[in-house]
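Only one chain comes next, encoded as structure tokens, the form predicted alone.
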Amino acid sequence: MNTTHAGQALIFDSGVGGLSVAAEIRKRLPNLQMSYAADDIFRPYGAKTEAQLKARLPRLLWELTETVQPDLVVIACNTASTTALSDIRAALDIPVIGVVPAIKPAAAASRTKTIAVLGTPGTVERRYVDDLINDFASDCRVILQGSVNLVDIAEKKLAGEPVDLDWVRTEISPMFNGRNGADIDAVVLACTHFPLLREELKASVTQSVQWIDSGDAIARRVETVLKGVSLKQPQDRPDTALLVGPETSPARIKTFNDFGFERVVALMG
């Protein structure tokens, strides 16, 4: 693979959360051509049922890949990955990379052997997360905390609105107030929106905590997969964000521009 054409990837999320993953991919693969799709009209995924997501996502991803023609797809959403990844893969004929909550590295990093998994309810309630805990954190006390509101707070932040730390504290305080809460020294950010709030999360707690996400691991996986793919011809277009729904305010467009997506297009839901 030459340095002038590193391939084409489609990054998909329910909103801006996948930008945290896109940033890590861009850092590792600066020559990769990227498109981004935000399913704004169906957000938040964490409040949707498994049946709703499985009914929507395979068809939507098929339509997007037919339009964008990428070499691979990154499902930069923990809820979608833990719910519908196999269905999406069955619908597409290109590699699909999902997001795995970073439970393994969090368990390895924890000295107190008390960790928390902070995600949407649609992620933390999945059997897939239970399996990850059994496989990689069986020697840890694991506290699960679900929040849909943090997704909305991250969306507001990246739309240029101020974030009140009290909003963040309200969402995360239950996991620190519990019987084992004071022992938590590692928190898995099991929603790609949440790394976008890393500074606010840090500022909302007094104890020393590592906030661990899977962005870098996904970027490394993209690099590995692309080495084994016969790359399509590059397309003469800027990196583009496709927003499924009406949320195309100037501030939100600027956010995508700031993350390297020069062109922002609104699609009909």
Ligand code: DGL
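Start at 1 with the first residue shown and count on from there. Everything quoted here is computed from the prediction, not taken from an experiment.
Quick note: we don't show the form predicted in complex with D-glutamic acid (DGL), though the next part is all about it.
D-glutamic acid (DGL) is not shown here, but in the model of the complex it comes within 4.5 Å of a heavy atom of G46. Taking non-hydrogen atoms only, A102 never approaches D-glutamic acid (DGL) to within 4.5 angstroms in the model of the complex. D-glutamic acid (DGL) is not shown here, and in the model of the complex it never comes within 4.5 Å of any heavy atom of V74. For C191, a non-hydrogen atom is located within 4.5 Å of D-glutamic acid (DGL) in the model of the complex, even though that partner is not displayed. No residue of the trio L10, Q33 and T65 has any heavy atom within 4.5 Å of D-glutamic acid (DGL) in the model of the complex. Note that among 102-110, 169-177, 76-84, 125-133, the stretch whose heavy atoms approach D-glutamic acid (DGL) to within 4.5 Å in the model of the complex is 76-84.
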